[in-house]
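Only one chain is included here, represented as structure tokens and corresponding to the form predicted alone.
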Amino acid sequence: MRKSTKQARIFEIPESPSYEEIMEEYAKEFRNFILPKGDTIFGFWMQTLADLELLDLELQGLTEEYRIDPVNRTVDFKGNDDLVRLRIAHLEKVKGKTSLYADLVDTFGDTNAYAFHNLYPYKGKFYPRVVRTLINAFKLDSNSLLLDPFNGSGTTTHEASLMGIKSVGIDITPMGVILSELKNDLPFADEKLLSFTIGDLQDILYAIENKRWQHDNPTIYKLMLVIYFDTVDAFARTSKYNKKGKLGLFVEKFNYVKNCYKKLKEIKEQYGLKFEKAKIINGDVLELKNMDNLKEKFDACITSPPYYFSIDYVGKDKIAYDYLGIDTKSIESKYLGMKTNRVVKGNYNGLPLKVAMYYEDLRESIENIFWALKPGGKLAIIVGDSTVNGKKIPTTLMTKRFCEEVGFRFEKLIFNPLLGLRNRAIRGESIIICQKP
């Protein structure tokens, strides 16, 4: 028999409401207070003025006309309802139906760690939601080609793949390329490839530790190595996994990837999505003009240059590089601003030499991006200011200046604060949007 949540009455005098009744009533009032009233409403992840600007950009690219009501957190628009529902990253509901992005958030429990975006912790990643927003703002479709010449761990190419957009990702770091390739290949893998028992995983862990690991499928080969590197790194950073043991954590991380695969497959089938594989290149943006047939090939570029003078990108991956026998110094020597033969030509007003060298390479990178874009092509470059030796480094303004110097027409700058940790090397990032005439 189902128990009533109401408390018993003594001498017919009602007592105070039960805990359950209070919570039920509170939940109703909270929903009425917090949820926007309308059929097309903001996502709960809309937290800053930058989010409002990004929503505005998306609607420019996805609708015929629109009106944003920031007070009531609703949107009214004219256009293709289904397209907006499948593409937009800032609305929770579109014409009364849950958006695809909201389903991704609910399914994976995070606004930016859906699909395989959280496959491996990688320093300096930028938000996939921003990539999705910019793809929409630039009106890219299945006939478009997107470039990210600082592809890192593959945020841009993975998000483009999920949206059915062709893309090319270029990066100088071997670990970045491995991660990009994994994110690129896993959505297309046969589910049977992920059918491993705990005994199988124990054997794989033993084989990796003894450098005997081999597998016919390159995706599985790389995946198990990446999970192993992440496991070893976790044990090196904290003792909280000691009770779980290395095998326990290795199995847990594998199961996380397997669950991501299943969730993504369900979302794909539910919405009838068509994913598009990216082309991943281990290469140098400074040598872009030496790559075949890339001149004026791309419709847009969405990228975020690394902050080599303030973030240690190699440190996190040292375990991987030591295992693979890759010299970290040889990788670092290829970073922007780290080439010993670089001559500083510009005037950088007393900035540290390593920053001035970085700026020289950054300017050349932007010039190469301009060369690779079609006339009318769009550029979104995400950068942040930091502090070196107590001196603020004006990377945002310098990047905008470089864009204009090489020929881009500046259109918009959106400052996006990075919420959360107070000790970030970069406290906020700016999205600089330009167009090639």
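Since the structure is predicted, the reported quantities are computational estimates derived from the model, not experimental observations. The numbering used is simple: start at 1 and walk along the sequence shown.
Beyond the structure shown, there is the form predicted in complex with a small molecule, which is absent from this document and is the topic of what follows.
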Of these, K297, K125, K279, K265, which has a heavy atom no more than 4.5 Å from the small molecule in the predicted complex? K125
Can you pick out, from E367, D185, E360, D284, the residue that has a heavy atom within 4.5 Å of the small molecule in the predicted complex? D284
In contact with the small molecule in the predicted complex (heavy atoms, 4.5 Å), from 80-88, 188-196, 207-215, 166-174, is stretch 166-174
Thinking of G61, T63 and T133 as one candidate spot, does the small molecule come within 4.5 Å of a heavy atom in every one of them in the predicted complex? no
Evaluate K97 for contact with the small molecule in the predicted complex, applying a 4.5 angstroms cut-off between non-hydrogen atoms, and reply yes or no. no
Close approach of Y348 to the small molecule in the predicted complex, 4.5 Å, heavy atom: no
At 4.5 Å between heavy atoms, is L336 in contact with the small molecule in the predicted complex? yes
When the contact criterion is heavy atoms within 4.5 Å, does S161 count as touching the small molecule in the predicted complex? no
